[in-house]
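Quick setup: one chain, the form predicted on its own, written in structure tokens, and binding and motion questions come after.
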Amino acid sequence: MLIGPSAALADWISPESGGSPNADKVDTLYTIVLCMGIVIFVLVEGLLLYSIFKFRARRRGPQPAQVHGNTRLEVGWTVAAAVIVLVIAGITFAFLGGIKNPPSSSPTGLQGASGVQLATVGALKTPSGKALHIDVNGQQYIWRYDYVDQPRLTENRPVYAYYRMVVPTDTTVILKLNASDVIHSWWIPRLGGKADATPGHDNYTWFKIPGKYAGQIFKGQCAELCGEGHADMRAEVQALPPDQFKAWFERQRNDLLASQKALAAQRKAGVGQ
């Protein structure tokens, strides 16, 4: 039943990737460790099967010799296991910087297209100190995205969106995550690892979608059991070229301002009545 649906397969046996450099590095690191594990598994199981066949009991055969230990062999496989652990640790640390540290936005990203000075973020910084900064807030059972770097609404409030995050391509996007109620976990598999959203604590992650994925929508799911509506707490990230992102942002800003004015008018009319 699990083999049948393609949606359940994802990337078969490795993490999903292809949407952001950090996700690609996670996938590559996983594949390297997996291949090393396969080699070790085949070697160990091969020796086990060889021993079972070679030294199996035979009718009227001689009594096999009893072996009570082999110091050289035992020291050898202990040292070999330690070396394997050190190799895996070295490879992991070699990839860790590229997974954790965000790169600068590309010249074709929002920074280059708009010439806007984008804000720096204290916890995660690009080499140029510039990135698109979005606050992500987990709520039972929906995600809210505040675009804190961009032109704001009245009363200096950021433009926001629910459920679907819209971002420009070739632009480093740094997310600051928290939650209003319980612990949630923001996860878009093709854009990197999971990041917990915890009440009273800020957590950070990042992604950068290449320009070739403009127009695509990356889908994800809250990865932390957060209540009876957990299964419905889905998320989407839509990648747009920088110019289209600016147009979307302006429409979103105007729609929010129009909604606020309409609500204020309704309240005023209600008070007058």
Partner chain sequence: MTTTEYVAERPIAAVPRPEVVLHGLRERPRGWLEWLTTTDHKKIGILYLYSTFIFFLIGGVEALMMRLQLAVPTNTLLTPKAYNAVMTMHGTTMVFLFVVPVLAGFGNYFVPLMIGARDMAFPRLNALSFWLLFFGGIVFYVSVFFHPPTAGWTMYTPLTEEAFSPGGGVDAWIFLIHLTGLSSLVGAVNFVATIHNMRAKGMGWARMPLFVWSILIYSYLLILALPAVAAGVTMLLTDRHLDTGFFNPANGGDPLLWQHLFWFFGHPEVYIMVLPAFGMISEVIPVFSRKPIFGYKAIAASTAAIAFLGMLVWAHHMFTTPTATVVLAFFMLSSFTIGVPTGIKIFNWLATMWRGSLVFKTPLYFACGFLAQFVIGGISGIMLAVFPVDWQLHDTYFVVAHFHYTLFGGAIFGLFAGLYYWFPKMSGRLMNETLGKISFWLMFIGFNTTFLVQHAAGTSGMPRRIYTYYSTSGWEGYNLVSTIGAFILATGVLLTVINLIRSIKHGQKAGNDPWKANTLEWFTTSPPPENNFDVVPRIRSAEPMKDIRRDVAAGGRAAGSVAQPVAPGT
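Given the structure is predicted, the values throughout are model-derived calculations rather than measurements. Residue numbers count along the first chain shown, from 1.
Below, we turn to the form predicted together with the partner chain, even though it does not appear here.
Undergrad: In the model of the complex, is there a heavy atom of the partner chain that lies within 4.5 Å of any heavy atom of residue 140, even though the partner is absent here?
TA: The answer is yes: residue 140 has a heavy atom within 4.5 Å of the partner chain.
Undergrad: I'd like to check something about residue 230: if you look in the model of the complex, is any of its heavy atoms closer than or equal to 4.5 Å to a heavy atom of the partner chain?
TA: Contact check for residue 230: yes, within 4.5 Å of the partner chain in the model of the complex.
Undergrad: Answer yes if any heavy atom of residue 166 is within 4.5 Å of a heavy atom of the partner chain in the model of the complex; otherwise answer no.
TA: Outside the cut-off, so no.
Undergrad: Since only the chain is shown here, I'm wondering whether residue 30 would be in contact with the partner chain in the model of the complex (any heavy atom pair within 4.5 Å).
TA: Flag for residue 30 set to yes.
Undergrad: Determine which one of 189-197, 168-176, 149-157, 129-137 lies within 4.5 Å of the partner chain in the model of the complex, judging by heavy atom distances; exactly one does.
TA: Contact-bearing stretch, as computed: 189-197.
Undergrad: Using a 4.5 Å cut-off on heavy atoms, which residues of 208-225 contact the partner chain in the model of the complex?
TA: Heavy-atom contacts to the partner chain in the model of the complex: 221, 222, 223, 224, 225.
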